[in-house]
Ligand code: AMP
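The chain below stands alone, shown as structure tokens; this is the form predicted on its own.
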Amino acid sequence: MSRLADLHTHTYYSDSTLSPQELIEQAHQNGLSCLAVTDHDTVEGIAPSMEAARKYGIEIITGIELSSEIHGKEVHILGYLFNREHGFLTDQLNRMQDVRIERMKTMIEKLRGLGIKNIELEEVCALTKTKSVGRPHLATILKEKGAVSDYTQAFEKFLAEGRPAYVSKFKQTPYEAIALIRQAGGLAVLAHPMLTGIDELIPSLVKAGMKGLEVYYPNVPENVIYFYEGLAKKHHLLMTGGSDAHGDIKKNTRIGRIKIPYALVEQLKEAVRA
């Protein structure tokens, strides 16, 4: 039986509702033998996921999803197979999480100015196991408080870019995110390029050291996948894929929603060795 992998997953160490144990249980139930834990701007979910994975012999790939921005667009860079204890990486992630806390304070203040005065920083931060707090956590609290009917409305009314409570993230370009992953000995991959819409920048990202594209992503038409397979081949990039599962926060996907052949994981490992 061929081995299958999901290289884009999240835990409650960032903005998923899933514990590492629940993540692994779902991976096992969906026939996965390899998983990358790619929490936003933190690596703290990796060790407990590895511990939970021993029960089923599931391989955990070191991963992360770094936030960045360019030309007013939010760009996510996935990192794989890096040294998660690398000193500069650790320092930078700590800075990112400090900025996330300050950002959350500002968003809560903006909501107070809009008449929603019953949200406290502590209750939003209680939804994550780290300081990697973000808009999904605030959306959850907005729903719990009755300010919105559901998670989607929280973004559409208050939290999406351009809406009245929006505050931008840590200021880092995708080129800086790629450099950070490379410094820690890993491979940088452009997350969900079909959603990000910066295809024109891919050549410059490759020149900066980006090594892959996330070609396989949930709820994407076959012709779009085919297009990005071609783009990856054109630029000699590795191809990855994953579910981008966030537990209950993202209802349209789940662990194992995308399963890629383990051969693609082996290609990542070969590239790191090279």
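Heads up: residue numbers just count along the shown sequence, starting at 1. The structure presented is a predicted model; accordingly, all values stated were derived computationally and were not measured.
Quick note: we don't show the form predicted in complex with adenosine monophosphate, though the next part is all about it.
K.L.:
Sort through K129, R84, H76, R182 and report the residue having a heavy atom within 4.5 Å of adenosine monophosphate in the predicted bound form.
P.N.:
That would be H76.
K.L.:
Consider the chain as shown here, without its partner, and state which of G186, P193, P136, P174 has a heavy atom within 4.5 Å of adenosine monophosphate in the predicted bound form.
P.N.:
The option sitting close enough to the partner is P136.
K.L.:
How about H40 - does it come within 4.5 Å of adenosine monophosphate in the predicted bound form, if we only consider non-hydrogen atoms?
P.N.:
Yes.
K.L.:
Is F158 part of the interface with adenosine monophosphate in the predicted bound form - any heavy atom within 4.5 Å?
P.N.:
Residue-level check for F158: no, no contact with adenosine monophosphate.
K.L.:
Residue-level question: is K110 within 4.5 Å of adenosine monophosphate in the predicted bound form, judged on heavy atoms?
P.N.:
No, K110 stays farther than 4.5 Å from adenosine monophosphate in the predicted bound form.
K.L.:
Given that the partner is absent here, state which listed stretch (88 to 96, 147 to 155, 196 to 204, 114 to 122) has heavy atoms within 4.5 Å of adenosine monophosphate in the predicted bound form.
P.N.:
Result of the contact check: 147 to 155.
K.L.:
Scan 78 to 104 and note down the residues that get a heavy atom within 4.5 Å of adenosine monophosphate in the predicted bound form; none is a fine answer too.
P.N.:
The stretch touches the partner through R100, R103.
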